[in-house]
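A single chain comes next, written as structure tokens; it is the form predicted alone.
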């Protein structure tokens, strides 16, 4: 049975990366009877966290819910101070889901329409048309078929692309060739997109074996976590000509060090972990729903399975 909380809830907002000014007014407007705190100066019922300041987790006494402000929770799970036995919920923010699909589409279309090659030609002042392909000529492989992958799949299908998808557990999505065989999905793919949570099972999943299965001239798009990619093996696949381009939004470590070879590689497009940012306007209603569920003893949404890591 879920723990219940008093009618008035003490809610801690603790983040070194999210701007409290974007969140607090929306939270106060949506939860007028509750207290929103920036320091654990009173017993805390609910902690809203994303890269919480040092000491935050150690000082949570009697907390009933830890609600992440992000979808990824691997750093929270790795923190030994995370209170044991307290539900930890991921944030599945519809604004973030939409933004991630937009980024997937932007990169797939950049590669499909060969804009990356035309940008290089512009620098060289060279005029050369490349062969044009139909969306139906291409298969986009999605690693991860949860909220993010499912939404991206529907939008890719609407544009006419063939879509294949890999997940650790069997899934069925209309129009998508779903499989639990990673190398099978990679071998079908002209573009391979990583949207996976980072766990011990998915670390280094974008390695030479998988990258080598992607069709020649294809691309890889990593929007999940830097730990999914073996950088040196990607560079080898690009330098050999097997892959035409890579789109990378996440790195290990972050920020990407200035001397890292990826910055200078002509076949790599980099963005600063900006594929899909949490938007307080669309996230707060989801957070409020979980707090109200906790208040009334109903099942919480998006609770993390600690064993699986997501």
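Just so it is clear, the structure is predicted and the values come from calculations on it, not from any experiment. Positions refer to the first chain, counted from 1.
One more form of this protein should be noted, the form predicted in complex with a further copy of the same chain, which is absent from this view; the next part is about it.
- Item | Contact label in the predicted bound form: residue 30 to a further copy of the same chain, heavy atom within 4.5 Å | Output for residue 30 is no: heavy atoms all beyond 4.5 Å of a further copy of the same chain.
- Query: Quick one: is residue 175 in contact with a further copy of the same chain in the predicted bound form, heavy atoms, 4.5 Å cut-off?
  - Reply: No.
- Task: Verify the contact flag for residue 42: yes if a non-hydrogen atom of it lies within 4.5 Å of a non-hydrogen atom of a further copy of the same chain in the predicted bound form, no if not.
- Result: No, residue 42 sits far enough from a further copy of the same chain in the predicted bound form that none of its heavy atoms falls within 4.5 Å.
- Distance check, residue 262 to a further copy of the same chain in the predicted bound form, heavy atom within 4.5 Å: Close contact exists here: in the predicted bound form, residue 262 approaches a further copy of the same chain to within 4.5 Å, heavy atoms only.
- Message: Please tell me which of 155, 203, 183, 75 lies within 4.5 Å of a further copy of the same chain in the predicted bound form, judged by heavy atoms.
- Response: Exactly one listed residue reaches within 4.5 Å, namely 155.
- Query: From the list 238, 211, 99, 89, which entry has a heavy atom within 4.5 Å of a further copy of the same chain in the predicted bound form?
  - Reply: Contact with a further copy of the same chain in the predicted bound form is made by 99 alone.
- Message: Let me test this: is every residue among 190, 207 and 307 within 4.5 Å of a further copy of the same chain in the predicted bound form, going by heavy atom positions?
- Response: Judged in the predicted bound form, none of 190, 207 and 307 sits within 4.5 Å of a further copy of the same chain.
- One stretch from 175-183, 122-130, 80-88, 192-200 that, in the predicted bound form, holds residues within 4.5 Å of a further copy of the same chain by heavy atom: The contacting stretch here is 122-130.
- Sequence order please: the residues of 194-230 with a heavy atom within 4.5 Å of a further copy of the same chain in the predicted bound form. Residues within 4.5 Å: none.
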